[in-house]
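Only one chain is given next, in structure tokens, and it is the form predicted alone.
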């Protein structure tokens, strides 16, 4: 758990609720555990559960894990179910953009903070004060992704392949804008539904456009599928992918040689870091779940840890937690979190790259306050 000085910072922001003796927090975990986002959803769940285990001794956490699958209706039903059982202090909310957009009005009506790692830009563009995003949004990571392509790789003819989900479309929009500002041309752009399995047709279109780099904004399974088929076809282009490609669960689907020349944006890469606190967290995560952690798990851990720090400092309901998150500053494991006024808490990004020899990436570039919004 982050240091006691953070508790003091948050305590100074809390007015209501500090006199109550009860330090029980109810935090349901609503995440996609089935469907095309199951890998990412499992990381969310694991990060939240590890934060519950690390909570201060003065805080008792009640939680239930509910699978939201991949439909907005399933997310709304899960939210309603969680509310029926007990008024939540906060909710770990799914990272799927369409589900988050559906939950925003429900959270506003219920006055419950949503703690998410969704990258979809629009969720913090609707003026809803109850959403808090602890993974850098597209304005941050897409800026880092495009800058790395142009400034570090020197590439200016971009092939862009994106998912037709809200996440994919949000990233596509930001990438096109940033590439234009950087003077790079998007020479071909193709949208893929999550159900598409054969990547040969889109790779044929990419090759015909003669780009000098392939940029991806795909979910985990689609990212692995496309990278594998690109390697099999001998595409011969550097690939700079979205955050799904940094996940150990994604690269486990590939052979190390297939990853040669592949990079990805992310908020962090915990398995690539040497900081002692992060290394301890990685060891705890491996021991608890017998899998490698990723940035989604770490960001969800940090987000829940900030909520629990607020509870330990006196926040006893959703409104008090909302005030603490909106006005506070938190030294998490991945980065320093602070709201930009819209609920975007994370403002740093990294680019990680694979050398083709193993499945552990190295950090190739760090971007602090990448979009200038933090």
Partner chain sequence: MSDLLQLIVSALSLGATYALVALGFVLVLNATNAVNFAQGELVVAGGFLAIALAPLLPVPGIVLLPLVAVATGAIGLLLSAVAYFPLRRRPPTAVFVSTIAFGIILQNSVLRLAGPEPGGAPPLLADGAVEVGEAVVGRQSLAVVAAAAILVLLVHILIERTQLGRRLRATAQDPEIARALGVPVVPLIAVSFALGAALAGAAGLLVANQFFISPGDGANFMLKAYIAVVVGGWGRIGGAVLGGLLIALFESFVAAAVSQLAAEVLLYVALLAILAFRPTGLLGETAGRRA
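A quick note: this is a predicted structure, and the numbers were derived from the prediction, not measured. Residue numbers count along the first chain shown, from 1.
The form predicted in complex with the partner chain is left out here; the points below concern that form.
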query	finding
Residue 34, heavy atom within 4.5 angstroms of the partner chain in the predicted complex	yes
The partner chain contact in the predicted complex: residue 228, any heavy atom under 4.5 Å	yes
Contact flag, residue 221 vs the partner chain in the predicted complex, heavy atom cut 4.5 Å	yes
4.5 angstroms heavy atom contact with the partner chain in the predicted complex for residue 204	yes
Sole residue of 86, 274, 198, 109 within 4.5 Å of the partner chain in the predicted complex, by heavy atom	198
Contacting member of 105, 72, 238, 191, with respect to the partner chain in the predicted complex [4.5 Å, heavy atom]	191
Contact stretch among 109 to 117, 151 to 159, 248 to 256, 276 to 284 - heavy atom within 4.5 Å of the partner chain in the predicted complex	248 to 256
Residues within stretch 118 to 157 having a non-hydrogen atom within 4.5 Å of the partner chain in the predicted complex	none
